[in-house]
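Take a look at this single chain in structure tokens; it is the form predicted alone.
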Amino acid sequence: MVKVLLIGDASREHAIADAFVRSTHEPKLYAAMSRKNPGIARLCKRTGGDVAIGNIDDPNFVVRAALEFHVDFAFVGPEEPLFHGISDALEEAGVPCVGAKRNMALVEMSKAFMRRLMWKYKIPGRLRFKAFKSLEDAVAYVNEYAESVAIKPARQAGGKGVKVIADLQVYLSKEKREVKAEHVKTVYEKHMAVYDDIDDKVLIEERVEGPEYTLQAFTDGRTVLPLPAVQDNKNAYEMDIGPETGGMGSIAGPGWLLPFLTEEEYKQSVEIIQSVVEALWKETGVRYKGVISGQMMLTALWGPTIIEFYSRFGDPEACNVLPYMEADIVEISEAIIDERLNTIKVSFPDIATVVKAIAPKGYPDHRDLARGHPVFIDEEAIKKRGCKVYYGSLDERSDGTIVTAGSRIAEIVAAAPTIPEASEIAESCVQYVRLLDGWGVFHRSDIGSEVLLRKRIEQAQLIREIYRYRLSKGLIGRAIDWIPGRGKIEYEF
């Protein structure tokens, strides 16, 4: 019997655990978690496995768990363990691992590394950028250049600290410079204060607009095996307003595409990911073995454009695809480890899926208020409506009580012939996730709705007309500015 160690404890890892339990190889499943996710723990117990609770960013803890459980291989879910070299430590201990090694995970960990890599190898979908190590240099840059920019932490910081500032008009230029400078300080002094594992602190890149989507793929460093495109919805509140979260829900399908994405754009997106995997091999001589995801945007500059990379599945995006994947995840994992992923075929039913996340009030900006609330999830009622539920940021205490841990409580997954139909089914299950002490929860009812879907399609059509016009004029990969006194300036990307 195959023994597998899963690292991680969010809804994404619950979906991965569920995929392993469905395997025809009937693996014995173990989990290393920072807190006891009751859904994952139950699946481990059902297979005869066990759980270990500790710091999953600590290589010593994870390796010790893998050796004590005598597992055949490990599968890493979240990004921080990858950034801390968990995959490297496991393989040094003789435990094969599905999960990017640290120097591969830099493609997510350091946004400046990712941008430099794309520029060095002239990979399509790249953006102009500047990376700064010092606060003074970053502030001086935004004070000197009046541009529309996205200001970000140079490191992956859990999706926090990204601000996009449009600077298109002459008026209020002083005020806009002040806003940019203030946010640069916030990124440097707040969001990057806890990280000392990369040199760059602030990333400033050109602002782009368009509908976003995520393309997830398995890879063994030689072959890229893509999955259906998914669109995450980051903002906390209806119609894309409010603070950014880890993701309040996502849509996929029917089939491999999204309603606003063409087959050609999907193929171009896959080619970008393949190019980056090849570039990482050329840079390091190491094969990328795990999951890589492009968080992409359809822009007027390129069409498919990289906003950032994930060195793992997205969350909630994993919950759209893994429950319906018609392939065995044990066989996929073993093929990744043995570098024979080209022998694996993955298919999906021609359905649409919608994920809705339910979060406690206080999330995402006041997580201290969102912690410690007792939870009840009526799984039977959710199953009766044909949905799945994956447990998220929860902790099961020794007395069996399940409490919130400050982030999203659970993610409900529904499937139907169309996205709006799946959305309505998922919506009907939201009522079955509640807190027992009266503390409030929230979710986004608009995800997958006809109104929001139409908005994405119209935005994509507009963007598509522009980038196709640029393509017809030979302007893809080029930018033209006009500066008073200097005239026309052309840039080649």
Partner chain sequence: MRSSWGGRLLAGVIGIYAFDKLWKMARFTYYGLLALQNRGQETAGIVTCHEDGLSEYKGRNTVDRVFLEEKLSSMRGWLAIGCVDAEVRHEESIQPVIVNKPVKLAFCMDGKALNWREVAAKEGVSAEGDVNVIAAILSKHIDKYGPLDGAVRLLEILKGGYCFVALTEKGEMIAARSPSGVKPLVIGSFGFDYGVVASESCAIDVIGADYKADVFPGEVYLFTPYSIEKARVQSDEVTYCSFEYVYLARPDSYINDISVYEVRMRIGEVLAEEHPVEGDVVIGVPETAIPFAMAYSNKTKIPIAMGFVRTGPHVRSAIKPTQFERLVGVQLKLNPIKNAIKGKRVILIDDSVVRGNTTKNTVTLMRNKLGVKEVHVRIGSPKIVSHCPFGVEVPPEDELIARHLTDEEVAAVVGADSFHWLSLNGLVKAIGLPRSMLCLGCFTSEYPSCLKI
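All of these numbers come straight from a predicted model, not from anything done at the bench. Positions refer to the first chain, counted from 1.
Quick note: we don't show the form predicted together with its partner chain, though the next part is all about it.
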Among the candidate residues Ala93, Ala140, Ile344, Leu369, which is the single one with a non-hydrogen atom no more than 4.5 Å from its partner chain in the predicted complex? Leu369
In the predicted complex, the one of Tyr195, Tyr237, Tyr145, Trp281 near its partner chain [non-hydrogen atom within 4.5 angstroms]: Tyr237
Examine Val270 and determine whether its closest non-hydrogen atom to its partner chain in the predicted complex is within 4.5 angstroms. no
Any of the heavy atoms of Lys361 lying within 4.5 Å of its partner chain in the predicted complex? yes
Is there any non-hydrogen atom of Arg116 lying within 4.5 Å of its partner chain in the predicted complex? no
Contact of Pro243 with its partner chain in the predicted complex (heavy atom, 4.5 Å): yes
Among 322-330, 411-419, 181-189, 213-221, which stretch sits within 4.5 Å of its partner chain in the predicted complex, heavy atoms only? 181-189
Verify the flagged residues Lys163, Glu175 and Asp365 against its partner chain in the predicted complex: is each one within 4.5 Å by a non-hydrogen atom? yes
